[in-house]
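Encoded as structure tokens, the following chain is the form predicted on its own, with no partner shown.
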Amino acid sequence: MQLALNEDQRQVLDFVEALARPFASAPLHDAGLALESEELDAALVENGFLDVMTVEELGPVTAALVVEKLARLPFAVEAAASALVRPLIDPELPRPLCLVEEGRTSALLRFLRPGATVVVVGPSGVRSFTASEELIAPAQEDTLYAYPVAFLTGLPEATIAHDVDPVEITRAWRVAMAAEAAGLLGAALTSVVTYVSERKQFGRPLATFQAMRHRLAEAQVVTNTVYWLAMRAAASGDYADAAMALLHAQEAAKRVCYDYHQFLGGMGMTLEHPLHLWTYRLKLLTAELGGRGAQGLAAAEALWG
């Protein structure tokens, strides 16, 4: 695996960073439970950053890098499914894209709204439809997931069947989630390190206490591993790599988010600090695609059959 970015990848990430710079900070005293920006979404589409996977010189690794970079923003962006899954189904599918497992006729979906494209993935195949108001029930306003979410209440009678392998789509779905989780974990860690480096107790910054330094170092190792496993899965296209990457991402989220909120003394559980914009998104990702148990079973099946 090539661990260094090539020139094309560096340029793409530099452009994404420049475009996203105005959205890198949460609004002061107005960090709601979920932040979105139509301006950011439109700019990403206009500049083709959600279509880099279809460019032969860039491919899925660059798409995963873009997803990871965008996940670090306090604003939630529907990028993972569009960048890594949509090109395999139909690059012209209208966004936002909402993925749901077959058999879940009632599910809480990220970015679900009228006009969104819902893609149903399961053993019988891959099919899609345009979400209408009749099939959507709004979630409570105080939902704790930091994504715009709504409930899918059922499926329409007519759907569009896609001639693609559902196993391959599930693999890409796992890679997309792992890349997104890597960015969320990285941004959460950066936010915590900034806080404990500035917050003083007993006359010295919290970050200077050995016990906290050790736990932050462990969190950094875990976060880095999520990133590299996601990139490996994107590069290899292997089903087992994808399952292992998402399994580790979901395990890592469960492991470190408790520490992060504890380090902030509960501040991250309020709207006074933007930590929740990353950790609450991770909370929802840990349950998607069957959670850690399903990823473990998928990895074991792929490795040992």
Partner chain sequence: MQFEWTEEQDAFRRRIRDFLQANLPGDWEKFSEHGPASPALTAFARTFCVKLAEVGLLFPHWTQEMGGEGLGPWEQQILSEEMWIAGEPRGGQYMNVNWIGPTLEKYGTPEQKARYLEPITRGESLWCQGFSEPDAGSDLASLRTRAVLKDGNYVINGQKIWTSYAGLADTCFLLTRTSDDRKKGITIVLVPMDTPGITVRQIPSLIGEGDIHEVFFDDVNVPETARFGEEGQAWEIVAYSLRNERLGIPRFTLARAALDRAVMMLKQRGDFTREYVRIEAARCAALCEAAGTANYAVVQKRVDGLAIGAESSSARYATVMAERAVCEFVVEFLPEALAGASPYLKMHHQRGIVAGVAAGSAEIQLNIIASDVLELPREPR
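These numbers were taken from a predicted model, which means no experiment stands behind them. Residue numbers count along the first chain shown, from 1.
Same protein, other form: the form predicted in complex with the partner chain, not shown, and the subject of what follows.
**Q** Should His248 be classed as touching the partner chain in the predicted complex when contacts are defined as heavy atoms within 4.5 Å?
**A** Judged by the heavy-atom cut-off of 4.5 Å, His248 is in contact with the partner chain in the predicted complex.
**Q** Val221 near the partner chain in the predicted complex, any heavy atom under 4.5 Å?
**A** Taking the distances in the predicted complex, the answer for Val221 is yes, it comes within 4.5 Å of the partner chain.
**Q** Would you please decide whether Tyr227 lies within 4.5 angstroms of the partner chain in the predicted complex, comparing each non-hydrogen atom pair?
**A** Answer yes; at least one heavy atom of Tyr227 falls within 4.5 Å of the partner chain in the predicted complex.
**Q** Considering non-hydrogen atoms and a 4.5 Å limit, does the partner chain approach Met231 in the predicted complex?
**A** Within the cut-off, so yes.
**Q** Within 4.5 Å of the partner chain in the predicted complex, heavy atoms considered, which of Ile136, Val149, Val100, Ala235?
**A** Going through each option in turn, the one that passes is Ala235.
**Q** Within 4.5 Å, heavy atoms only, which of Ala18, Ala24, Leu297, Ala287 is in contact with the partner chain in the predicted complex?
**A** Selected option: Leu297.
**Q** The partner chain in the predicted complex: within 4.5 Å of a heavy atom of each of Val61, Thr208 and Arg213?
**A** Looking in the predicted complex, the three residues Val61, Thr208 and Arg213 all sit within 4.5 Å of the partner chain (heavy atoms).
**Q** If contact means a heavy atom within 4.5 Å, which one of 276-284, 240-248, 66-74, 44-52 is the stretch that engages the partner chain in the predicted complex?
**A** Of the options, only 240-248 has residues within 4.5 Å of the partner.
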